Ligand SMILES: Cc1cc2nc3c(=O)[nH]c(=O)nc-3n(C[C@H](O)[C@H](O)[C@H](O)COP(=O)(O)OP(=O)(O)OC[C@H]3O[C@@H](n4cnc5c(N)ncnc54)[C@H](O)[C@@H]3O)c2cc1C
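Here you get one chain, nothing else, as structure tokens; it is the form predicted on its own.
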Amino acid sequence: MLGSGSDNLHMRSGAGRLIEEALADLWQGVVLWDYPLSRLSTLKVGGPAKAVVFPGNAGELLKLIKGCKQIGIQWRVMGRGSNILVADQGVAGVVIVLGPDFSAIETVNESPETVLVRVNAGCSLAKLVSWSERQALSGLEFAAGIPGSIGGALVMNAGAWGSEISNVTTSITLLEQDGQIYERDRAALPFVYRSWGAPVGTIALNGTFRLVRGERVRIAGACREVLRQRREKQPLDLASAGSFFKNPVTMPAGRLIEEAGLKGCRIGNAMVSDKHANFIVNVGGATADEIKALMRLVQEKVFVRSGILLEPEVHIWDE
């Protein structure tokens, strides 16, 4: 039986005290208490997390997660906030954001044709693409302009223009649910469209990528062209989570949504972009509930017209 509003408030405040006491033992770094996740999300919506912390290395991360598990505190890992929709009421527990020390890029092996590069999960994908361009290394041009972290890109098997991050991945170092750290070859992970296939609760610590030596001018030109097409076709001037729905096998989601007559459709301040129909954008002051309501409307209208049920690509965070 569900408790009353006052009962729920009492339970939440009690849980908050538990988290505060637990983190005093687990964590000596910065803690952002009751922090609005809208400030960390590219959609600019979402209520607070009780605590947001920023571990700088695998040891700190492991200590945090083990401690949270031992005392039953819920935890989540956030990358750059680019592929999530956080509920208006926020989320319970601790949100872990990999800190700036989790962003190193290092060369681990070289041959005349290829270079193996290990990149920590907190590194932004944009930083890696820029670094690869300066080093005249090809393979990541498709990722120019994709927001988010390396960890998020691996988990989502980020892709565009017919390429995916898994195409250049050789191995991933994982923090698995048993608390152990393992390096897994690419072949051991069942990458599929927009998923790496690892069990829920598995965390990517770093990824190793095989890049091909090339001409810096050509690589830079390819990146510029990808960015040009993004600016031309996507609503980059408005807050969004990127492509909202996964593309069905038969037809791109954006085309299905457009053919259902939904471009420009609004609920409150959430809108189906009139520039690219597979973007739900926050035109200013949207709530997560408005975005979810618009998501359901799009799913219903597209299903009625085409018989295809669109699946969100965006991860929905709620209680």
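Computed from a predicted model, the values in this text were never measured in an experiment. Residue numbers here begin at 1 and follow the sequence given.
One more form of this protein, predicted in complex with this ligand, exists but is not displayed; see below.
Residues Thr42, Gly79 and Leu236 are all found to lie within 4.5 Å of this ligand in the predicted complex, as judged by heavy atom distances. Note on contacts: among Val115, Ala160, Ala92, Ala222, the single residue with a heavy atom within 4.5 Å of this ligand in the predicted complex is Ala160. Of the residues Leu189, Val168, Ile84, Leu128, just one reaches this ligand in the predicted complex with a heavy atom at 4.5 Å or closer; this is Ile84. Of the stretches 129-137, 201-209, 245-253, 105-113, only 201-209 has residues with a heavy atom within 4.5 Å of this ligand in the predicted complex. Although the partner is absent here, Arg213 lies well away from this ligand in the predicted complex, with no heavy atom inside 4.5 Å.
Not displayed here, this ligand is kept clear of Arg184 by more than 4.5 Å at the level of heavy atoms in the predicted complex.
A residue is said to contact a partner when one of its heavy atoms sits within 4.5 Å of a partner heavy atom; Asp318 fails this definition for this ligand in the predicted complex, lying far away.
Ala241 belongs to the set of residues with a heavy atom inside 4.5 Å of this ligand in the predicted complex. Shown here without this ligand, the chain has Ile146, Pro147, Gly148, Ser149, Gly151, Gly152, Ala153, Val155, Met156, Ala158, Gly159, Ala160 in 131-164 lying with a heavy atom within 4.5 Å of that partner in the predicted complex.
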